[in-house]
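In what follows, one protein chain appears twice in different forms, each by itself as structure tokens: structure 1 and structure 2.
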Structure 1
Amino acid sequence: MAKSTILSGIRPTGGLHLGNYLGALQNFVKLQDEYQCFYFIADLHALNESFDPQKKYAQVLDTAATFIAAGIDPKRSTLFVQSHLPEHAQLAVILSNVIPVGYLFRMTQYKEKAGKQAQGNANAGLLYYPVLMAADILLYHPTFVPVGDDQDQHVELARDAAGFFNRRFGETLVFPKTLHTNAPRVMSLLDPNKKMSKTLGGDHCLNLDDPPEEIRRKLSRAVTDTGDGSGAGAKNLISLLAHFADAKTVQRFSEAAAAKTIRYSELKLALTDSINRFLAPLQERKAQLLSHPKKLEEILATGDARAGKVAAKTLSDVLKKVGLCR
């Protein structure tokens, strides 16, 4: 029996953090055992905000190395680069002619990000982002798209796009479903009411590339509470401990929190040690991969070719349906 298909991507906009690992990469690795997985580096999606062209390609390779170092197996999963396959942009152009523009203006992420851009002068790429994302998804006929709650709206737009296209041109595109994996919500160290994110950056995040002393310094500044374990910051640290520390250590601090006797200086030291032990082998594997960029490019080229066969077939079917080829 053929495996169901999974598709997901991450933008190369700088180093990934623990929130990215626990919320996405960790589950990507697990999903390899059950599904046919397509994972891509969404470099076209990284162009709708300020960036340095001199660093962008290095960020693509860095993200690829992080995927593999975290456990993505290029032999079991298809790992590729979005911009290397022109079918993504081509399908997006076609879908833009069936998706009502009103659907784009109501997207939550557009409203949030457009409000942050200078003088409200949001670029067209920001508005168009969900159309390209719909193309990313629909090219591979995925059964499921693993996402967090904040991405549900994008998968729903992909379903809408498939419906608009199929009703006009005939059954061609599949209707993907969201897959809500059991992913924790990792919060900012300095503002625990916000998700840890690359946008916040700085001391808000624990990056996968941070050296041990940097992890220690950032955790020492993390927000907690008065010692009763009820604050959002304290809960965030205890949650992180549960993911990275041994069962005995987790139990000790959980009991102290329940008894309202927790010492946060000790918690932060224990968490520092646990996270650094976890990150050390991942960082070593990643450094090894980045030390051989040609080999890394070969891995991506193999993934590009594998993904390209699927994308080309879907685009061919679409072009025939809209009358752009025989």
Structure 2
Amino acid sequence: MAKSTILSGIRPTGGLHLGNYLGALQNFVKLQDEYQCFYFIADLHALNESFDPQKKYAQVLDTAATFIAAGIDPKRSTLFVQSHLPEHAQLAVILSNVIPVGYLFRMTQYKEKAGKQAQGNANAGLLYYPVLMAADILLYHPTFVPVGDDQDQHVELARDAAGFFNRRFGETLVFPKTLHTNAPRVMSLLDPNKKMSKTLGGDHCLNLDDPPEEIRRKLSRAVTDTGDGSGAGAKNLISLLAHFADAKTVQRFSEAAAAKTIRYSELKLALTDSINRFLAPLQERKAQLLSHPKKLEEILATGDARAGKVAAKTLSDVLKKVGLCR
């Protein structure tokens, strides 16, 4: 029986954090065994906020190296770059004609980010972000889209877009479902009622590229008591420990937390150790990959070609359905 398809992407914005890893990338790696996977670097989605064009291409290669260092096997999974396949932008333009603009203004991410852009003067790329994301998804007919929970609303919009398109032009696009890991929302270190996110600032995040000393420094500053009785900071640190430490250590700190005898300085040290132990081999593999940029480009070109075949077939079906070709 043919394997079901998985598709997901990550923006190249200069280094991933542990939220990206636990919410998405670790799941990408696991899913490779069971599914036919398409993973891509969402570079077109990285243009709606301020960025340095001199650095963007290096960030694309850096993200590719992170995917592979984390365990994506480009032989089994198709790893490609969104902007290399014009079908993504073409399908987005077509879908923009079936998606009501009101749906886009309602998106939480748009509302949050638009408020922060130049006195509310948000660019259209930010508003159309979910249209392009719907195109990314629908081109590959995936059964599941593994993402953190901040992307759920966008996957739902992709389902709506498939419905609008199919009702108007006939059955063409499939309805994708969201797939979460057991860490769909990793929280910020300094503001644990918000999700870990680069836009909050560097010390809110633990990055996959952070050297050991930086992990130690950031964790030593992490908030444990938010003063609102929620214990959000402590919970976030204990759940991070559950991902990186051995079962005995996790049990010891969980029991101490329940008995209210926990010493947060010890928890932070244990967490620093376990995260650094996890990151060391990943960083080493990544450095090796980045020292051969030509090889990385070849891997991506092979992925582009594989993904391109699927994308071209879907786009051709769509073009026929809307009457733009025979």
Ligand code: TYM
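The term rigid core refers to the maximal set of C-alpha atoms that superpose within 1.5 Å between the two forms. Because the structure is a prediction, the values reported are computed rather than measured. Every residue number counts along structure 1's sequence, beginning with 1.
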Query raised in the report: Only one is the form predicted on its own; which?
Result: 1
Query raised in the report: Does T181 show a Cα shift reaching 2 Å between structure 1 and structure 2 after rigid-core superposition?
Result: yes
Query raised in the report: Has the Cα of G170 moved 2 Å or more between structure 1 and structure 2, judged after a core fit?
Result: yes
Query raised in the report: What is the Cα shift of K321 between structure 1 and structure 2 once the core is superposed, in angstrom?
Result: 2.5
